[in-house]
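As structure tokens, one chain now follows by itself in the form predicted alone.
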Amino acid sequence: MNPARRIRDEIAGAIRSGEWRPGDRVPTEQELAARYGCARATVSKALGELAASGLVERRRKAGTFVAQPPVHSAVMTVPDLAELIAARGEAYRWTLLSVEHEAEGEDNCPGPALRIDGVHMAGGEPFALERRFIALGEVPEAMGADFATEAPGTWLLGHIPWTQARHVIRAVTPTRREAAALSTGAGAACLELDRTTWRAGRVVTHVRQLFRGDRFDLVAEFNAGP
């Protein structure tokens, strides 16, 4: 077998079997070259192919690490991030930053509203930033909810039925502050999901979630029409 292919396949097998976990450091090029009895250029080619496939992440001056698996979400649903992250075998945590009672809310959620800011964590790392408005005229019980222990999206899905939703999805460059909060580079691509949900024509909530582009993608499966 081609040496580069052998290295690539054996490392990929270790990652897919769970022997090497997300965040684990991959042996250095020198160590792999000695192990396989080949040139560093051969190892570099194998690692480059693994990086292109998304299995490893090469960090300048830091080395090569097993990549975090991207979380997939269906475009046509309102997902619970806690469930999505847990399904990937990662520990989920919600970190509440602030809760504010606003008399006027915002354009997409007018009237009295709760504004909630927080961070969704996956495997101990920032996964998404969230700013959410909950319409208190439609969901007054939100005033008594404990959003320090339960993410507002999870609470809403468990308590308030919705009848209509609208997604707006766009690629964005995070601000310096957002990039720092997500532990990513200032020029890194992020995915912004802007969603409003209604119940019987009345706004329930409006949320903006900002995801690291390397950790999340949106998937839709559907059949052709007649």
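Residue numbers run from 1 along the displayed sequence. Between two forms, the rigid core is defined as the largest C-alpha subset superposing within 1.5 Å. Everything numeric here is computed off the predicted structure, so don't read it as measured data.
Below: the form predicted together with the DNA, not depicted.
- Only one listed stretch (161 to 169, 41 to 49, 175 to 183, 188 to 196) carries heavy atoms within 4.5 Å of the DNA in the predicted bound form, and that stretch is 41 to 49.
- At a distance threshold of 4.5 angstroms between non-hydrogen atoms, Arg25 is in contact with the DNA in the predicted bound form.
- In the predicted bound form, at least one heavy atom of Thr64 sits within 4.5 Å of a heavy atom of the DNA.
- Taking non-hydrogen atoms only, Gly37 approaches the DNA to within 4.5 angstroms in the predicted bound form.
- The putative spot formed by Asn2, Arg5 and Arg58 is fully lined by the DNA in the predicted bound form; each residue has a non-hydrogen atom within 4.5 angstroms of it.
- Fitting the two forms on the rigid core leaves the C-alpha of Ala41 displaced by at least 2 angstroms between the shown form and the other one.
- Shown in the overlay between the shown form and the other one, fitted on the rigid core, is a CA shift at Val207 smaller than 2 Å.
- After superposition on the rigid core, displacement of the C-alpha of His167 between the shown form and the other one stays below 2 Å.
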